[in-house]
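Consider the single chain below, provided in structure tokens and representing the form predicted alone.
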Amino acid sequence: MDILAQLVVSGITVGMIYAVIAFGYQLTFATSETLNFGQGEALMVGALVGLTTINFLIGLNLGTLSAYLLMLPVIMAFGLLQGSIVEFLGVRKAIAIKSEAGWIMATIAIGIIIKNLAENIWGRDALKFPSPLAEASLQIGPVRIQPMEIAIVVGALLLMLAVELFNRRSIYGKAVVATANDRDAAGLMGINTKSVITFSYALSSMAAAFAGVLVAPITLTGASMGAVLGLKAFAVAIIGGLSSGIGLIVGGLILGITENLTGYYISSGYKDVPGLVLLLLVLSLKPSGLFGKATIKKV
């Protein structure tokens, strides 16, 4: 039972990272019915820019925790800028001419470009990201957990809650909600839907960059770290439902815990299989996701 509890706790940590990245997919899909298939690369470059920033701040004789906290707003601003550029270069024109192939290929292409740039700037070797918290594990009952793993779960939940409160309480957030509900009607009401879509892409990349600096201290950081995380987060978005925030969290937890249990009790070579099987089952039985709502389009 102790091993099972340990595996579940570790799976929760991984699952919350998946959920934050999947949250970025949901943000863009809600307002424009498009997805940024370079989301994993947004996470990766956010982590690498964060690494450069935190090392610079530590070089100014700041403590690691202080440097990490000062680095967070820099990374969030970088994520906002990066997402805005992706939307402007790869998505806006495709939406205007209603080309699905356009935004799919454009976001994939931009992701590949970002990865190549990262390899040339930071190299291909994995890099160690300084942990802002003690690396010694805490003993909580039968479970040993690193302080950074607790920070990942708390940080992920706080980010999603902050965006939700922004959408509910602020005027601009209500414009995002209105655009998500009916883009054409929102445009007729005077809402600049192009700006809202740009903002949703900015938030999406910000969430990915934030996820990058959350997970980086407990993993190695490098140009190849984003591809697998982005793909698994997309699976989480489909499993939980692109229209449900709760679904993203549940989907992330299911995938993270299932991977850990499979890797330990069966084989690490099969840990990805149960999640993919679940994805296929959801697509077959409930294409809108476990918590998603099916929509009927008028033609």
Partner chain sequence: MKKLFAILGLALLVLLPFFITSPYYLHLLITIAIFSIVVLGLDIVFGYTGEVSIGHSALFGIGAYTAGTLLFQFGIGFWPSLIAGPLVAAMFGALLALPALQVTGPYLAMVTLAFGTIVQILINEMDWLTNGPLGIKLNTPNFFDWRDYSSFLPFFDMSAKRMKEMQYYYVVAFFLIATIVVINRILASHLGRAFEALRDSPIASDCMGVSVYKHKVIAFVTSAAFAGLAGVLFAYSEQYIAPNNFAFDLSIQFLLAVTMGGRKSRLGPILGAAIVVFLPNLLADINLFRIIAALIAAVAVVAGIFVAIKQPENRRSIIVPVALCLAFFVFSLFLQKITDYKLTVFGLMILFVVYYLPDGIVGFLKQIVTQINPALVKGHAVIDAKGDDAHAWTKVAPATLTADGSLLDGRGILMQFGGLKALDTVDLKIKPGTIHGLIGPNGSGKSTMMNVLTGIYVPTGGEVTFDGRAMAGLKSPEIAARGIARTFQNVQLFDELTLIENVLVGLHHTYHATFFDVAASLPRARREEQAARIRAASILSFVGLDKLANEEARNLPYGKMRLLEIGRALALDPKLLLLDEPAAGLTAPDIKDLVGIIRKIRDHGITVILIEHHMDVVMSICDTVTVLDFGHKIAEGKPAEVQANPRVIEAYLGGSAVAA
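Numbering follows the first chain given and starts at 1. A quick note: this is a predicted structure, and the numbers were derived from the prediction, not measured.
A second form of this protein, the form predicted together with the partner chain, is not displayed here; the remarks below concern that form.
Contact at Ile12, Leu161 and Leu165 by the partner chain in the model of the complex, all three, heavy atom at most 4.5 Å: Contact check failed for every one of Ile12, Leu161 and Leu165.
Residue among Leu157, Leu80, Leu89, Ile150 with a heavy atom within 4.5 Å of the partner chain in the model of the complex: The residue from Leu157, Leu80, Leu89, Ile150 that makes the contact is Leu89.
Sole residue of Leu51, Ile249, Ala30, Leu35 within 4.5 Å of the partner chain in the model of the complex, by heavy atom: Selected option: Leu35.
Partner-facing stretch of 138-146, 116-124, 195-203, 214-222, counted where any non-hydrogen atom is within 4.5 angstroms of the partner chain in the model of the complex: Looking at the partner contacts, the answer comes out as 116-124.
4.5 Å heavy atom contact, Ala109 and the partner chain in the model of the complex: Yes, contact at 4.5 Å.
4.5 Å heavy atom contact, Gly187 and the partner chain in the model of the complex: Outside the cut-off, so no.
Touches the partner chain in the model of the complex: Gly269 (any heavy atom, 4.5 Å): Gly269: yes, in contact with the partner chain in the model of the complex.
Contact of Lys93 with the partner chain in the model of the complex (heavy atom, 4.5 Å): Yes.
Residues within stretch 182-211 having a non-hydrogen atom within 4.5 Å of the partner chain in the model of the complex: Contacts from 182-211: none.
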